[in-house]
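Just the one chain here, the form predicted alone, laid out as structure tokens.
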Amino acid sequence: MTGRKAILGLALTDGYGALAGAWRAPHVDADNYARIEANIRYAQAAERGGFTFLFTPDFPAVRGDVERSTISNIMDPMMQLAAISQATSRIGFVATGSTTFQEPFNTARQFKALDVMSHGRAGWNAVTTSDPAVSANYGKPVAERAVRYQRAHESIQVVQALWGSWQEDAWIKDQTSGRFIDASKLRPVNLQGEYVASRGPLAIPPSEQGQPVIFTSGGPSPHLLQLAGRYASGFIAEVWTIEEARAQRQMVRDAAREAGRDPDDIKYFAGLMTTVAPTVREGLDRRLALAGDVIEARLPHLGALLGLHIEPSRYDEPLTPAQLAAAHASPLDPRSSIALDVAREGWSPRDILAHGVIDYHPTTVGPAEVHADHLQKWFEAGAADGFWISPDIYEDGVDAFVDQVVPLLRARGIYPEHYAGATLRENLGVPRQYGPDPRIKKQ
């Protein structure tokens, strides 16, 4: 562990926060979904705390009960991150872009333009898409998994070739001689795959980091591991336990090694949802006040998770000794063991759910030490190279994490005091790359 420092990213979703009902908090402007100024504020707070990147998931379709809940996306990741890039100077931008529905030339152009205008701070979370709601928006059927991933391989290879098609020393810009570009160093790529193609070249010069950083995200399927191992420098994961995370991280590193790369070239990020509050009780009350309806609906699910029947009349009372003795964690759901651990601390079923035990990621609630302890335990166990943080309410949750948790992480020696450099690659600790990785054979 000597010399290793944790890397932090901030999930940026809808302008409100990860907690259901965050948009209804009294101190939150309900207009924030459409106000770039809000996301700029959150990005600047994260930068003040030394966060390496913002991460924008993307689901380009309307889903869920939008009458009662928010659109769980920022309006357009590339446009918003472009605006944020002009109001920040160090934090990076990892935007999600589909290899299934986006053409490689458009992807290459958008991400390299963001990289240049941010002076080397852009990253592409390259994902395949299988949701029918999204495919309907693009007027195409959902392709088979093998097809989606073959297209993904082809798309990334074309994108990287386009990124390198303006060679690094091509831009002469000699005003005296009148030579703008050395035309021999701006050449077409002429790539034709089974599913995608591009002639090129791409008329955008290199950035300070060369080209954008590629990320992938999701679970450790063989298809995704092969994609990550060959191309990615970051892997955004969804894991619940240290054991699960350590196993996944090792799979990701092994995939990079099998592709001919250094396993340290790819960083593994576990998710964490946070509610920073003076006490655990105050944090739970904050969550219940805004997500109470969601928690109420989940109460029957908790009983199934623990193998118990819980009477509705006892939702606000701790489980009895007999119930705790009978409760058992399902081996099929890692969240079960977390829920059981919280139940054994004496919390009521409603409070157990307010701890976020069946949210999308592990959740920490309470004083700064609670969050720092979780991050330190996972990091020192080798379960992650870093974490992507989802605060409950952005309006005050980002500042609370930066002002209260970050100093503890620094005092414990597991988080850097300053940015390592000005580019995303420098701050991730991954090597410079321009064009395709010469270590990787085309697929």
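Please read all numbers here as calculations on a predicted model, not as lab measurements. Residue positions are given as counts along the sequence shown, with the first one as 1.
One more form of this protein, predicted together with a further copy of the same chain, exists but is not displayed; see below.
- For the options Pro312, Gly346, Pro278, Gly139, the residue carrying a heavy atom within 4.5 angstroms of a further copy of the same chain in the model of the complex is Gly139.
- Between a further copy of the same chain and the residues Ala161, Ala255, Ala368, Leu114, the one pair within 4.5 Å by heavy atoms in the model of the complex involves Leu114.
- Considering a further copy of the same chain in the model of the complex, the lone stretch of 105-113, 348-356, 331-339, 300-308 in range is 105-113 [heavy atom distance within 4.5 Å].
- Contact check for Val62: a heavy atom falls within 4.5 Å of a further copy of the same chain in the model of the complex.
- Residue contact check for His119: one or more of its heavy atoms lie within 4.5 Å of a further copy of the same chain in the model of the complex.
- Put simply, Phe180 is close to a further copy of the same chain in the model of the complex: some heavy atom of it is within 4.5 Å.
- a further copy of the same chain is not shown here, and in the model of the complex it never comes within 4.5 Å of any heavy atom of Glu144.
- Every residue in the set Thr70, Ala83 and Pro201 has a non-hydrogen atom no more than 4.5 Å from a further copy of the same chain in the model of the complex.
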